[in-house]
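Shown here is one chain on its own, the form predicted alone, set out as structure tokens.
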Amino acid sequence: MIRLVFTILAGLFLGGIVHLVSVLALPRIATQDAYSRLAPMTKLNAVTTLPQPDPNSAPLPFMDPAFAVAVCRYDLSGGPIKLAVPVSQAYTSVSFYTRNELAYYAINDRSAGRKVIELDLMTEAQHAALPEDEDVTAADRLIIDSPSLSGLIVIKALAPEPGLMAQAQGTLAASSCKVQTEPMPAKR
């Protein structure tokens, strides 16, 4: 009887370890992650509006049909990114993900408190290289430090009614995500 209980416990323990290792390793070995799926249909360092999901095909899983979605696939090796997203009538959100789908920052229109969500995305090294200036405050400029050189920025605009989807998509089409070519203003 003790041998049977020991065998069951050992099997459960081994099964738990195998399950845990496979769940933790799957995102790193998966070939069809979000970045890989979006690479053929998006431009680097530019905002691309994704098509509305339908029951048979969607660019990403679990897309909400009430939201217009745009993506900026970024690469910070060429310099910092300047992101500008106009706020839609109902709700707008911007989420930042690393290449391995780790979410590291999110902001919405309510927390931004402006008509346009504007921010600078850069690595910690690029941020440290900025000159210091006491005249620039955190309210003047939002700087996001990316933990990786490449990743995704997902922009969503809510269409509270189906007839307002064109307006939400127009808001996303007016968004910009580009490498900064002019010198960066000083940080605080």
Partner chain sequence: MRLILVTLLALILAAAVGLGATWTTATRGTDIGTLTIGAWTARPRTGTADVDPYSRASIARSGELPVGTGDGVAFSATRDDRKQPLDGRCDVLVSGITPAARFWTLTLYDARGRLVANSLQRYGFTSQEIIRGADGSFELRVASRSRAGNWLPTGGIERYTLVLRLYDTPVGVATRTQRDAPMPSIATVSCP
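All of these numbers come straight from a predicted model, not from anything done at the bench. Residue numbers count along the first chain shown, from 1. Superpose the two forms; the largest set of C-alphas matching within 1.5 Å is the rigid core.
This next part talks about the form predicted together with its partner chain, which is not shown.
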Next on the checklist: So in the predicted complex, is its partner chain close enough to Lys178 to count as touching (4.5 Å, heavy atoms)?
Outcome noted: no
Next on the checklist: Please tell me whether any heavy atom belonging to Leu26 falls inside 4.5 Å of a heavy atom of its partner chain, as the geometry stands in the predicted complex.
Outcome noted: yes
Next on the checklist: in the predicted complex, is there a heavy atom of its partner chain that lies within 4.5 Å of any heavy atom of Ala166, even though the partner is absent here?
Outcome noted: no
Checklist entry - Applying a 4.5 Å heavy atom distance criterion, does Glu132 contact its partner chain in the predicted complex? => result no
Checklist entry - Candidate spot Leu44, Ile81 and Leu149, all three in 4.5 Å heavy atom range of its partner chain in the predicted complex? => result no
Checklist entry - In sequence order, which positions of 80-101 have a non-hydrogen atom within 4.5 Å of its partner chain in the predicted complex? => result Ala90, Tyr91, Ser93, Ser95, Tyr97, Asn100, Glu101
Checklist entry - Can we say the CA of Gly11 moves by at least 2 Å between this form and the one not shown when the core is superposed? => result yes
Checklist entry - If you line up the core, does Val21 shift 2 angstroms or more at its C-alpha between this form and the one not shown? => result yes
